[in-house]
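Here are two versions of the same chain, shown separately as structure tokens and labelled structure 1 and structure 2.
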Structure 1
Amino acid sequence: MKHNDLDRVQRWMHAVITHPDGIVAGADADKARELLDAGAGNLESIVTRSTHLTAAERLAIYGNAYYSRLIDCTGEVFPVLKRTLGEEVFNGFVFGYLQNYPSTSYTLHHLGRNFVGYLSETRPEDAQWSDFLIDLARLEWEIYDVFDGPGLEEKESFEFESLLEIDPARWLNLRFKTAPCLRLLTTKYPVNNHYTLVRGTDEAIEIPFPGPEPENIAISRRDYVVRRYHLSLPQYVLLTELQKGEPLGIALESCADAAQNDPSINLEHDLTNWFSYWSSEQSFFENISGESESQFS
């Protein structure tokens, strides 16, 4: 067999076994027939039958193994969601997802990227629990994406002392470059605590779904360990504005608006503590800059 013939057969087999509707539909699909115009009725001209299995049945073994592997890989990305739903229900969701969003990348990193969107698209309108599951899936995807993405491990992160060295008259014009691994997430349900409870035990415990309660979460990474932080609404607003590239003055205005109805917040006192803590964590900011580099010389 010539090399180009082998390449065509391999690409044909991939098109057939990965078709969401099965081997017969895959063999009859345009993608497969453009490579080898055999069709489902003539599979044995390409794949010989065995003593006990037809060509379609032999190909189905590979097709089933393909989807089983992708389902297992998706479960590794969403382990808490899988335990919350149960393996059978979770696998059913993932199989439906793979039919709507088939894997098209050479890397498995992108496999679950559209899973949250799929859950939202297929969400039953009268089932509040689905919002909790979608929030949980969003949290797990961000954790996975942060773990596998760029971080600050090879860079010097922002030091709080460097802010104190700058003339306070210039602070309002400062812009903070947030860490590339920083994700800011707001959810309808308090899924962060649920994630901690389920992830922290190997036992088959039953944890009831929490009631709706908005939650703001920061996810980042330090020393290759993903960390999660609960944020108050003013903290979330402040970090969101800074991440968008707004100067500190604009970000503080939005933060103050968010803090108006929260008597526990004292911005004059709390801001110093927030920036000091975020700096000590070394996973929130990369550096700071102003209107020109000369300001810091």
Structure 2
Amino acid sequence: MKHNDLDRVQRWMHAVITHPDGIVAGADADKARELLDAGAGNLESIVTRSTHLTAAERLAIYGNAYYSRLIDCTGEVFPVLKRTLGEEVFNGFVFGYLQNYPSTSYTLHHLGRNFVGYLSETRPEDAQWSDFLIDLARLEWEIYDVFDGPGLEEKESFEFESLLEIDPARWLNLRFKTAPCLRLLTTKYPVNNHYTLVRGTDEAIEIPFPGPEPENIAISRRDYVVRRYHLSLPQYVLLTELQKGEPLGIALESCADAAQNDPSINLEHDLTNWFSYWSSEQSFFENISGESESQFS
């Protein structure tokens, strides 16, 4: 036994306190025994006991804390999903997640980054509701990520008027640099609506899962507060193309295709309103450029 070998003791303790079935199972598992072959029956050969607590009870303080702290923390990243599922079910999902994706980062801000992927990987084939949960988790992760990521607050704001100053003959070649905090999401379920509903409703009231209904969402940030926008399909297509770096002309073609079957949209009229609104929100565009920088300098 190398109970005084720093590396072995650390790997052993890590294996024991992170074991999902607790300290006894952890100490008896091969992973721990390969490092220090004590087993649950001989824990006191490695960890001292106190007058009141056995070695196993002392280790369990770390073991219990490990899952409970990280589950709580993940719950702070996905508060609406947690409320939607109820604490017990949500915590069960996160418990599985942490076993598959333990934190490998110095920061807790990365803790939830694989959660959407994990939900997708473990999605039951036949369960429609799992698509709703995945959509909701995606929305909440983007909100979390946008909140502390790069934004436009310290930059000069983009004004709609600057667009009007440009010769209309050049508009189709314009490229928009979208805001670094702008995220465009398309979901199978109306999760943005659900998010609003849950946050505006008393904790005690249960809110049912919504039925499927595709939704397009923009998430961005202004004055350090995250904002959510419902988008029509043509708006979503237009912004997605612009975000990819396509010139306005190409983006408008795709947008017009998407608007074809929607009688409520009159592009000629609506486009001005859209760009005017997106500019005034100061959370969609950083700046614009033509094909060569010199055109608008």
Partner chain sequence: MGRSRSTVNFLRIVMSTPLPRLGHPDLVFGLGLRTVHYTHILEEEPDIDWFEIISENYMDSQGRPRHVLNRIAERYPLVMHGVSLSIGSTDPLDHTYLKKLKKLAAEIKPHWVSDHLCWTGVAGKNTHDLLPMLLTEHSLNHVIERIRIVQDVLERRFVFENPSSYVGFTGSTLTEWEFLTRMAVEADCGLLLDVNNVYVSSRNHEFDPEEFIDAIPANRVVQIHLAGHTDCDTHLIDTHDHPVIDQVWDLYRKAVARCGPVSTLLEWDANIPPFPDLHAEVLKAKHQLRPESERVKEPGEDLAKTDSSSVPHPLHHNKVEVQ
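All figures in this text were calculated on a predicted structure; none of them were measured in a lab. Superpose the two forms; the largest set of C-alphas matching within 1.5 Å is the rigid core. Just so we're on the same page, residue numbers count up from 1 along structure 1's sequence.
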Taken from the structure described, the form predicted in complex with the partner chain is structure 2
Comparing forms between structures 1 and 2, one rigid part turns on the other, and of 276, 66, 167, 225 the hinge is at 66
The rotation of the smaller rigid part relative to the larger between structures 1 and 2, from C-alpha superposition and in whole degrees, comes to 26
When only the core is superposed, residue 28 shows a C-alpha shift between structures 1 and 2 in angstrom of 8.5
In Å, the rigid core superposition gives a C-alpha shift for residue 18 between structures 1 and 2 of 3.9
